[in-house]
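Here's a solo chain for you in structure tokens, the form predicted on its own.
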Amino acid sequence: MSLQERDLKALWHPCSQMKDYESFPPIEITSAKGSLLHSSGGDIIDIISSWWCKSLGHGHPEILSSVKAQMDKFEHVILANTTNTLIVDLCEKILKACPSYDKVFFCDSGSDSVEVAMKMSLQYHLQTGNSNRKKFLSLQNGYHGETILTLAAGDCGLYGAPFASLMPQIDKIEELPYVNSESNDLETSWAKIEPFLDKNAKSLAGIVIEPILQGAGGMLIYDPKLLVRLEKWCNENGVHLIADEILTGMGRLGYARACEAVNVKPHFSVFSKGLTAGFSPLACVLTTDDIYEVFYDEYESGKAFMHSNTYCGNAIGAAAAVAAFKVYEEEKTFERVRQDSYLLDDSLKEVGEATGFLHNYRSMGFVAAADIKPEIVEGSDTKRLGYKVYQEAVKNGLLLRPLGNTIYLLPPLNTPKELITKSTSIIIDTMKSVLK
């Protein structure tokens, strides 16, 4: 029995219609290094950073060395009422990179950390005499995770629709000023958004956002100055701004926090993915002493934040994160992303010029996206053109995993230019083959 046959007999893959695997079996990965996956069928360029987390590629020697050294000491110890040099070093590195904050709370995953920030916000308002503040708002097309609460905060029905009966109502802020939008500039958008916010002002605990870039919603980019408006409104109305930096942070948009691009400091910032450069699950919530002190009291007061995860502050993840921060600093990763951000934008525009199949280009940092033109989709015999492009790209040596009919590039931040050039050629050949 082949590996693929054994796989399909035993394994239920994530985010997949398993019937598809009958005609497109899983790719057998034998090893990975840098921006390349080595498979049984040949090398594949990981142009999507393996679900957006491999910010420094696969097997970075600095991170690998740190993880191996930590494994000789201990792999995990309960973080409640224990400490170690590694976890304190990591806290200090995170806060140095994000000097707007004072405290780090560790979680297991991105979904979990967004939920932690929302729970902190609710409990803060309860303990400051504002028990009426029980509602949250979030942005249209947003995605914040797979727990019931974070699915409710998201706006991607593909993931949340089956569980609607369990999800609390979280209304969405619409009319966002998207890049390339023909109708919604910032002023026009804000004129529609502000009255909606004002209507909810007295009952709101917080507003949950993906800053600037919305990933799973279609790699959409909105005017960064919207963050400035939201921050000002939240501060004036006693509402928390919660930034989901899981995708956007740790250099993806050229900053430790994407909100730095417009000098915005949310009350909570959430990180995962690039925190460990994708070596190990680890997540955290950053906040200020002002918020922390509302939870600080005698035990009998019941004010402690009692959320817990078995593996929070896991030593293997922490070792990877400490090393990742060292690499980010030594290699000036965030600065280099800002300098080289044109590379991916140029790449997709080259694809569009060579094929005539793309429009609605948007990019920032080390992310670029474009959509297959509607007339091509309408004239096709299938609505899954993006999936067909994905299948053909894998055959050609590129892990390109479109979101619907949105083609995007999101490679490791240290991907060599020659691999981006090669990826461009593969996409051109692939699209010409599939979208005849």
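So that there is no doubt, residue numbering starts at 1 and follows the sequence shown. Small disclaimer: the values here were computed from a predicted structure and weren't measured.
Beyond what is shown, the protein has a form predicted together with a small molecule; the following relates to that form.
- At a distance threshold of 4.5 angstroms between non-hydrogen atoms, Y387 is out of contact with the small molecule in the model of the complex.
- In the model of the complex, Y143 approaches the small molecule with a heavy atom inside 4.5 Å.
- When contacts are judged by a 4.5 Å heavy atom cut-off, S109 counts as touching the small molecule in the model of the complex.
- When the small molecule is considered in the model of the complex, A323 lies well away from it, no heavy atom lying within 4.5 Å.
- From the list 358-366, 220-228, 143-151, 84-92, the contact stretch for the small molecule in the model of the complex under a 4.5 Å heavy atom rule is 143-151.
- In terms of contact with the small molecule in the model of the complex, the residue from A205, I246, L344, A318 that brings a heavy atom within 4.5 Å is I246.
- For the candidate set R133, H240, R252, K273, a heavy atom within 4.5 Å of the small molecule in the model of the complex is found for exactly one residue, namely K273.
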